[in-house]
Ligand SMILES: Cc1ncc(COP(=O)(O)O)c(C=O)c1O
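For reference, the chain that follows is the form predicted alone, supplied as structure tokens.
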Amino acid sequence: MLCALPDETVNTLDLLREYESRNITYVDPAGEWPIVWERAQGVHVWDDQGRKYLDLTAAFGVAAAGHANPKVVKAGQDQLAKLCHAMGDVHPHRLKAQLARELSRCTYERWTGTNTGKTIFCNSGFEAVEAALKTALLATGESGVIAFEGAYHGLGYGALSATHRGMFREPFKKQLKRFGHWVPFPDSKTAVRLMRDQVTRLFGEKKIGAVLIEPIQGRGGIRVADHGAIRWLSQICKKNRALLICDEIYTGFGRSGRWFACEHARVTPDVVCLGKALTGGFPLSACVGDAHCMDKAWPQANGEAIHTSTFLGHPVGCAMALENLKEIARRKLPARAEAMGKFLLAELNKLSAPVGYRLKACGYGLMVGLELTRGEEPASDECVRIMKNMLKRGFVILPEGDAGNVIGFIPPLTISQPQLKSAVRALAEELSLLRGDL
């Protein structure tokens, strides 16, 4: 039999163990992790046993306007029934053009008042980063890229060369050409000083075409870049005719309390990478650049594009993105994220650190992390235990940072104060249990 009907009696995790490649879905031997998602709505998800959870991850930041937002879902369903696929760079569809215009309006037209933006559509976040890296090479002729310690730009072979964590790169080192140069992430006075020294040296010694930065690192541990440092990076890029690329795949579309996190620093990047919350749940991302920069980099189409893909600007994704952008604007979700984030930080700062531990809350908008350390060391094991226990209590959270010792709060932007307070209350009870470890 080539294809069997779904068998509801077969355990999902057993099927994954049998048929999915190793090294993807981690299944805890004790059975405490993971849950199998069955459905999601608003700020909640339900597992295949019918248990309800408050989602504090927004499914990796995707569900900014809430899971299964009715208007966004309907837009996708209507488009699926009408045109579920087009032909990428060959025969276009109307919605791709409309979405490109909307992305220009909410980025470069809004930032500058005069310039427009031009878009390369992609499928996943790392593809948007790789399109941006190609843009930098074509525009400047230089291959070097300055990236930052703790950076996560995805795991494709291009993006991987700018992703900092060694565990992702080392297995594939023999197939990678190194063009990334890592410098300290500027989230403290000392780091800013070191970063400026090293960036200045690299521009003097290497052929640098771009600086690639996340204004707020997500996987790196919810670390916020100093705003003055981002402005300085913009200036030194202009001085050296390099491109400043902001990776806003995680932070884009209201997450930080602004439409885009670079706005906190009052910086207009040459290129911005967007994804995750763009559609609210369909695989679509975008590399958007200042039109002058993009036109300088990319040649006119002559019937064979040098960068494209089968599903480029997918019509269902474009329909969902257009409706999702309307929802974010209509519900004023960036401003809501700013207000809810301030409330959340205030609640987290009220928490008492267990004896022998330290707590530090940091973030902007609804991209907040609570770092847990024991003495001078990351309390990684404790964070994993808290994550599993919070899941049992009905809260989905994930640890962030290289050491996995930052408890991330990245919920849908529609979450309420009482819901945030209930999560912090449960977290406080879990933290109090750590006292017994000493």
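In this text, residue numbers run from 1 along the sequence as written. Remember, it's a predicted structure, so these values are computed and weren't measured experimentally.
Below, we refer to the form predicted together with this ligand, which is not included among the displayed structures.
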Original post:
Is there any non-hydrogen atom of E323 lying within 4.5 Å of this ligand in the model of the complex?
Top reply: no
Original post:
Does any heavy atom of D270 come within 4.5 Å of a heavy atom of this ligand in the model of the complex?
Top reply: no
Subject >> Residue contact check: H153 to this ligand in the model of the complex, 4.5 Å heavy atom >> reply: yes
Original post:
So, in the model of the complex, is Y108 in contact with this ligand at a 4.5 angstroms heavy atom limit?
Top reply: no
Original post:
Looking at 314-322, 339-347, 241-249, 258-266, which one sits within 4.5 Å of this ligand in the model of the complex if you count heavy atoms only?
Top reply: 241-249
Original post:
Which one of G125, G289, G280, G365 is close to this ligand in the model of the complex, taking close to mean a heavy atom within 4.5 Å?
Top reply: G125
Original post:
Even though the chain is shown alone, can you say which residues of 210-236 have a heavy atom within 4.5 Å of this ligand in the model of the complex?
Top reply: E214, R219
